Structure formats: structure tokens, C-alpha cells
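Below, in C-alpha cells: the form predicted on its own, a single chain.
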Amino acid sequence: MAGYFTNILSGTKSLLVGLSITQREFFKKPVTLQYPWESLEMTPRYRGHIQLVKDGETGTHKCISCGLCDKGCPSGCITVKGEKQEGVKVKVLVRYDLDFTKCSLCGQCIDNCKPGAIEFSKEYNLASTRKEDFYYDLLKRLKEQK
């Protein structure tokens, strides 16, 4: 019989503790956001997909199409193609593709890039139901940013 009353007292105590926590939290400001209408401020260390860096002097990209980012990528998600054109001493970047479905955001490509031509973007709202939406032509995206 003593165990019966002990169980009732311990159950009542835990109920009161739970109700007090609920009452205390009920009047606090909610920490959730109404997603489509409100958005979070991204931290400076946030890693989105990679993007080409615009050169301040020329207004184009800094990429010299050396391919070190492509070779250093463990996921194999980067494709860089450069061509030698007439009248130009160095290769000209023709194509820079990113398959974001394979990217692990490790940052190896950025570490390998000697001229500092790529960086992580701050773009984070990348939801889609189609796989094709995650294939990026970074050269085309840079031209559209102008």
C-alpha cells in the first residue's frame, strides 16, 4: 500500500514540474521564424555552393583555368575547361560547371585555388524537387550578377 501512495506523490510532483516548465516557456518570445516571410541572417562562416570571384579591375572572373580545383575535388563535382585563343597569351575560361548534388562542401577546391578565383557563396535557399536545378554553370551565373 505504501508503494501506491509513493507512486501517486512522485507522479503528482513530476506533473507539477512539467506544468511549471510549460507555464514559464509559454510566455517567452518564440524562437521560430515564419519561413517564407522571414529569413535568417547567415553567419560569416556559412558555406553555400562555390562561386567565381569577380575581379575588381577587369569586372570579369579571376580564374586562370589551371584546373587545380577540378583535380583537388574529392567528389569530382567540378568541371573546368579553358581554351587557348588567338591573340591571348594565357588560357581563357570557357566553361566552369558545378554539380552540387555531389559536392560535400569540404572546401578543398577553394584551398587549391592559387589565384583565389572561387569562394563559398552565402546562398542558402536552394530547395528544389528537380535534380537539374543543382547543376550550375558558374561562368553564366557570374555574368548574370553584373
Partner chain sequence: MSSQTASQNKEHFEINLGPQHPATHGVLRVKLLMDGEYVVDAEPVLGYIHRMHELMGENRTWAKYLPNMGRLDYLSALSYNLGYVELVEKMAAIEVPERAEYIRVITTEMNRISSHLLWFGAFVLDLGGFTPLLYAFDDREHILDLLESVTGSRLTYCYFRFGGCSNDVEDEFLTGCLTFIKRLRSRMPMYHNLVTKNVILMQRLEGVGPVSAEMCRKYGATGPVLRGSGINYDVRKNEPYSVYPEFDFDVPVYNECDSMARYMVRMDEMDQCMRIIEQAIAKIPEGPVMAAKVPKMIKPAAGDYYHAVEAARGTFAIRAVSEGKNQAYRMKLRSPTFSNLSLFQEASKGMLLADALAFMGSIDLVIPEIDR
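Positions refer to the first chain, counted from 1. Throughout, rigid core stands for the largest set of C-alpha atoms superposing within 1.5 Å between the two forms. What you are looking at is a predicted structure, and each value in this text was computed from that prediction instead of being measured.
Separately, the form predicted in complex with its partner chain exists; it is not shown, and the next lines address it.
In the model of the complex, V31 approaches its partner chain with a heavy atom inside 4.5 Å.
Its partner chain is not shown here, and in the model of the complex it never comes within 4.5 Å of any heavy atom of Q51.
Within this chain, S128 is remote from the site of its partner chain in the model of the complex, having no heavy atom within 4.5 Å. Contact annotation for E132: none of its heavy atoms lies within 4.5 Å of its partner chain in the model of the complex. Partner contacts here mean any heavy atom within 4.5 Å of its partner chain in the model of the complex, and among 91-99, 105-113, 54-62, 78-86 they occur only in 105-113.
Contacts with its partner chain in the model of the complex, taken as any heavy atom within 4.5 Å, map within 11-32 to G11, S14, L15, V17, G18, I21, T22, E25, V31. Once both forms are fitted on their core, a CA shift of 2 Å or more is seen for K13 between this form and the one not shown.
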